[in-house]
Every structure is written in structure tokens, then in C-alpha cells.
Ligand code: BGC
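Only one chain is included here, represented as C-alpha cells and corresponding to the form predicted on its own.
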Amino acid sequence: MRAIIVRPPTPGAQLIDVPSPDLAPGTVGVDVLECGICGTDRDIVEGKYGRVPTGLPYLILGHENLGRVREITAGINGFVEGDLVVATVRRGCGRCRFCLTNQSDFCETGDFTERGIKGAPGYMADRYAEFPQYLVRVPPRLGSVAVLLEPLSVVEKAILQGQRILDRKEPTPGRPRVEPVRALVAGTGAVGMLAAIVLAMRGYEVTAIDRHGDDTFAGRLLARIGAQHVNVATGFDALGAARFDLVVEATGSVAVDFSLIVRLGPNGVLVLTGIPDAAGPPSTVPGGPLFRDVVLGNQAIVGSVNANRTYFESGLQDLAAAEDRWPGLVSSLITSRRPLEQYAAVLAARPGGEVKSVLVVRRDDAPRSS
């Protein structure tokens, strides 16, 4: 079968023929339809990280995925041939308390594997085999947007973790909160835009920032969902005196991260989802005043990575809700679909105006209306 492979830490990617996966007892064979591209994929192609599976000289790239069930081995219930599915990414260590309870996103040993990233083949290939506990069945009507489910699962977890920390100060008996929770989203890539959509649906007062004017795709989409867009190209002073209860960071910029801390209101929470370049230049910040305010403001900073199956399932609910509320909105986040053979151009660098680029592995002409 065809597959896009990398050989970390050597930079570069290739489209080659590799052996098809064995369909072992208890597994499901899936034809890959689409794979989304994100910064992690591009970093792996640049040789910044990534690990090949044991015994193999290469890693099949790709973790954002959509596929269709091709074959089912004996004894499997809950799936039929032709089902649309999205596969989760992380596989637990099998030893720690979190991995043993299907919460591998909180693995304590670090000995997990991740499809297309760390020690397990990814989804940029014609097909894969997987155990059913790692497959999430997708309703046909969400087939046009389901490739976004993996990045959405990251958003689902980040928002839930942030809200749980906010909830530490509730309730206040007899004096319920009357004003909306103020949320700031930093970055208007796929993760940032998905975060803005989910936050808006849940009743947060949403502001999103980037370095572009209002007359852009992001600006227009944010206006459609009732969120405010602010251009911070000339600095965070563009936000005025605004402070926020929940800040979701989706940039991977260290400088932005420090700037966001000072935007937290009393008891506020900053959730970091972007992964900075570990080899980037050191930053100098006034740490004393910065973290003094964190302590005195009863604020919290938390990192959030990966997502277990429960967040994929809540993501499906939010995809359906967003499609019902704003038809076509989520699908517009996919700014390009290109055939697998054009992988090199898509992986080389983020094109201007990209929100989410998708590689089409196999055309899917099955109906998706029900």
C-alpha cells in the first residue's frame, strides 16, 4: 500500500509502497479517506521529534484521520462494513493507573505510543488495522467535517480542564454568577477556531486574537458566531484593559504565553495547548511581578495535551451542534483538500491563509446525508 513515511530525526518525508497491515484477530480493517495536517506533522518532517516503531526503519506519518471500515474480524460488535470512523491517537503504557482506566492522555510513565508521532504507525496510508476500542463511529452526516475530530478532541479536553479549575471557586450560595464567563482564545488556526466555536456554543463571552485585520476568514467566522476579533499585530495593548476568566492558548509562542498571563482576571485560568520550539531562543521576562500577580490573583496555568476517547465522543456532539446552529461553518475551516500525491507541498510549510489542510487518500462517494 502507499504511505507517507519519515525517518526521524532525519528531515524529509517520502511517499513509498509499504506492506499492508496484518488484520489480526479482534481488529478492524479501515480504508483511510482523509488526513489532516498540523504543526506536529511539519515538525516531525523537519526532524524535530518523532520516533519510529520498534523494529521498523520508518514511521508512517499522520494522526488526524477519517476512514471507512473495510473488514471486521470475528467477534467484534458495534461496527459494520462501511461505517465512517475516526481513530484515536495515543496508546497507553499498560501499567500506570491512568492508562489502565482508559485515560492514557494522563500517562504517568511516559511509555505510551502515539500513532504517527511516537512509536506507532500513523494514518497517512491507504489503510490501517485497529482494535475497536480506539475507533469512534461517525454519523454519516458529519463525514464532511469528521477529519477535524482529532484537533477538536484536544480543544474539548483543554476547555474542560480549564473550566474544572474555574469551578474551584463555585458555588456562592445565594449569590449566583450573573455575568458571562469571559474567554480569550490566542491563535486562529484550526485549534483556536474550534476552541472559539465550542466556547461560544457553551455561553462564554469569546474574544480571539491574531495578527490580522477583521477582513479575513477568521475575522468573518468569529463575527458569525458572535465572538470579538482583535488584531494584536502591534501589541497586546489592542485589548485595552480587558481581563479574562479563561484563556486558551493555541500558538506555541513563548512570548505570547507570557503576554497572556497578565491578561488573566482574578481567579483566572490559562490553558496552554501549543507546543513551543524547545530549540528556540531564550526569553527574558520580569518573572517577579508576573508570578507575584499569579499568586495574589489566585490564578492557574495548566498544560493540556492529547485527548482520550471521551473527548472524541464529546467532540462529535459539538460537531453536530455546530452544524445545526451554523450550517457549513465548521466545514469552512478546511481551507484545502489536496490529493495524497501533493503531500510534499502541504507538509513543507503552512500556506498563507491556511486554517486546516487535508490530504485526500481515497475518494469517498458513499452518501453522507443520514
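Throughout, we count residues from 1 along the sequence that is shown. This structure is a prediction, so every number in the text was calculated from the model and none was measured.
We do not show the form predicted together with beta-D-glucopyranose, though everything after this point is about it.
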>> Which is the contacting stretch out of 341-349, 303-311, 53-61, 322-330, given heavy atoms within 4.5 Å of beta-D-glucopyranose in the predicted bound form?
In response: 303-311
>> Within 4.5 Å, heavy atoms only: does residue 150 come near beta-D-glucopyranose in the predicted bound form?
In response: yes
> Taking heavy atoms only, is residue 205 within 4.5 angstroms of beta-D-glucopyranose in the predicted bound form?
Replying inline: no
>> residue 334 versus beta-D-glucopyranose, in the predicted bound form: is there a non-hydrogen atom within 4.5 Å?
In response: no
> Would residue 126 count as touching beta-D-glucopyranose in the predicted bound form under a 4.5 Å heavy atom rule?
Replying inline: no
> Can you pick the one in 275, 285, 242, 201 that has a heavy atom within 4.5 Å of beta-D-glucopyranose in the predicted bound form?
Replying inline: 275
> Of 264, 154, 85, 142, which residue is found within 4.5 angstroms of beta-D-glucopyranose in the predicted bound form when only non-hydrogen atoms are counted?
Replying inline: 154
> Considering only 32-52, what residues come within 4.5 Å of beta-D-glucopyranose in the predicted bound form, judged by heavy atoms?
Replying inline: 38, 40, 49
